[in-house]
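A single chain comes next, written as structure tokens; it is the form predicted alone.
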Amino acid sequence: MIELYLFLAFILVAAIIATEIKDLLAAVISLGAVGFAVAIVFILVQAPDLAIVQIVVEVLTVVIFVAVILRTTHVDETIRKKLSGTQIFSIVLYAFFAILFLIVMFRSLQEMPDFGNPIMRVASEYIKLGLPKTGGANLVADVILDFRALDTLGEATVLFTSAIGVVALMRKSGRKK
């Protein structure tokens, strides 16, 4: 369980670096590290299907960001102004919700069982009920399409949305020169 906390700390540090660094290419690399660490966290919490989707989306995102940065500028040239009252309130509100999130996450992670000891054992139910409930001959397809159809739909939606984002970013028509 300690490795999970280490990866979560790494994610927070890499995310802060990605938002604060001036070199955009380094920021993208840091953001990619966040995404791949999230994929490893998914593996640690026994969600390999989410890890695969995360890796695919992360690879596409990093490649697109690097391509855009290499065609434009490498340095963030925005000028940082003094913080206004609204911005300070936003930062305080963000910090409050971040701390609240970390507290809830820490408590939730304490309730998780050790690796290999899942809370629910559903595989035996899938095997026992697969053929009678679905009538399909392929148990893997039955589980994916019947028992876990909403998960599969969600994963397909993430991939489709990523592909649409790639098309929108890479299109040439409608771009101002």
Partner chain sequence: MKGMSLIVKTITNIVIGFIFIYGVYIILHGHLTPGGGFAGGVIIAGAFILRFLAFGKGAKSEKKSSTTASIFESIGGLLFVGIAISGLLLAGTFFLNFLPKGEPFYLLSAGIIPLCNIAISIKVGAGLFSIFLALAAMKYVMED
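If you superpose the two forms and keep the largest set of C-alpha atoms that fall within 1.5 Å, you have the rigid core. Predicted model, so just to flag it, every value in this text is computed and none were measured. Positions refer to the first chain, counted from 1.
Below: the form predicted together with the partner chain, not depicted.
Contact flag, residue 170 vs the partner chain in the predicted complex, heavy atom cut 4.5 Å: Close contact exists here: in the predicted complex, residue 170 approaches the partner chain to within 4.5 Å, heavy atoms only.
Between 129-145 and the partner chain in the predicted complex, list the residues on our side with a heavy atom within 4.5 Å. Result: 131, 133, 134, 135, 136, 137, 138, 141, 142, 144, 145.
Relative to the superposed rigid core, does the CA atom of residue 62 travel 2 Å or more between this form and the one not shown? Not so; residue 62 is displaced by less than 2 Å.
Large Cα move at residue 13 between this form and the one not shown, threshold 2 Å, rigid core: It does not, since the residue 13 C-alpha is displaced less than 2 Å between this form and the one not shown after the core fit.
Closer or farther: how do the Cα atoms of residue 155 and residue 35 compare in the predicted complex versus the shown form, where the change is at least 3 Å? Those two alpha carbons end up farther apart in the predicted complex.
CA-CA separation of residue 50 and residue 130, closer or farther in the predicted complex than in the form shown [shift of 3 angstroms or more]: Closer is correct, given that in the predicted complex the C-alpha spacing of residue 130 to residue 50 is reduced by at least 3 Å.
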